[in-house]
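We begin with a single chain expressed as C-alpha cells, specifically the form predicted on its own.
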C-alpha cells in the first residue's frame, strides 16, 4: 500500500482575470522510503500540488478537489485546520524553496526548530535544546551550539538550508516534501544537501516528494517521477525508464534542452510558449502540449507500458517501436 496516493487533484485560484486552474488532474503515488520527483518548468503546478498535499494553500479564493488525497488511510481533504496541524510537521514536513523567506528573521534559528517540536511534544526545555543542537550537528552544521543562537541573516544559504532540513526532520516525519531544496546553492553545497537527504532517508525510512527543475538531481536521488506541463502530468514512471527512453515530446524536449546535450554550444529551445492558467479551458482536450508538438496527431492519449511507464502520447518512440 502506498504511503501517499494523489488521484485527479485539481486546484484553481480565483483572480481578476478569471479562474486560474493551476493543477488539473494530477495523480501520483509515493511508497514509504522512496523518492518521487515532480519535474517541469516554472508554473506547471509542481509547488501548488505539494502545498495542497501539505494543507498550506489558503482556505479562501482557492478551489481544491480530488478523487483521492490520502496519507496512509487518512483523507486529507476531510481534515479541518486543527486536524491538519496535528499531521503537518509530525508526519508530513516540508523544506521550502527559499529558506531566507521561510525562516523568521527576528527569531534565533535554534528557537525556531524548538518551536516546531513544542507544537507536538512537551518536554524539559534543556533536554529539547540539546536534542535540537544534536539534530543541527547531524545535518552537517559545524559548531551547532553556536549556530543555535544565530539569526537567519547571519548564516550562509547552505547553512540556512540545513536549518530548514533540521526543522523538517525534527519529529522524524514519514513524508518529507522538498521544494527546490538546492535552489541558489553552489555545486559543492548542493551535493552535500542531496547526500544528507539520501542518508536521512536511509536512516529514517522517510518518503520524499522532490520538486525540482534539475534533471541531474532527479537522476541521482529519485526512484519515480512525474513530468508536468500546464497543470497536467504528461509522463510518469520509473526514473531509469524515462531517462532511458522519454516518450512524450515535452519530456524529450526537456532532455534536449540540457546544456550537456547542446551541439556546438547551441541549446535546442521548445517552439511556442506556455499557456496562461486562465486559458486552460480553451486548450485541446487531449494533450496541452498539442499546439507546440511536432508529432501531434489524432492519437494523443495515455498509453501505459508493461513497466508502468505512462505517457500522454500516441506517437512511436525513437527506436521505432510503439509507445505501448
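Residue numbers count along the first chain shown, from 1. Here the structure is a predicted model, which means the values were calculated and not measured.
Quick note: we don't show the form predicted in complex with a small molecule, though the next part is all about it.
Student: Within 4.5 Å of the small molecule in the predicted bound form, do we find a heavy atom from each of 27, 68 and 227?
Tutor: Verified in the predicted bound form; spot residues all out of contact, no.
Student: Of 180, 174, 241, 252, which one comes within 4.5 Å of the small molecule in the predicted bound form, counting heavy atoms only?
Tutor: By the 4.5 Å heavy-atom cutoff, the listed residue in contact is 180.
Student: To verify the annotation, which of these, 130, 72, 91, 213, has a non-hydrogen atom within 4.5 Å of the small molecule in the predicted bound form?
Tutor: Looking at the other structure, the residue within range turns out to be 213.
Student: Does residue 64 reach the small molecule in the predicted bound form if we count a contact as any heavy atom within 4.5 Å?
Tutor: The answer is no: residue 64 has no heavy atom within 4.5 Å of the small molecule.
Student: Closest heavy atom of residue 35 to the small molecule in the predicted bound form, within 4.5 Å or not?
Tutor: Outside the cut-off, so no.
Student: Please tell me whether any heavy atom belonging to residue 270 falls inside 4.5 Å of a heavy atom of the small molecule, as the geometry stands in the predicted bound form.
Tutor: Flag for residue 270 set to no.
Student: Even though the partner isn't displayed, in the predicted bound form is residue 277 close enough to the small molecule, meaning a heavy atom within 4.5 Å?
Tutor: Yes, residue 277 sits close enough to the small molecule in the predicted bound form that at least one of its heavy atoms falls within 4.5 Å.
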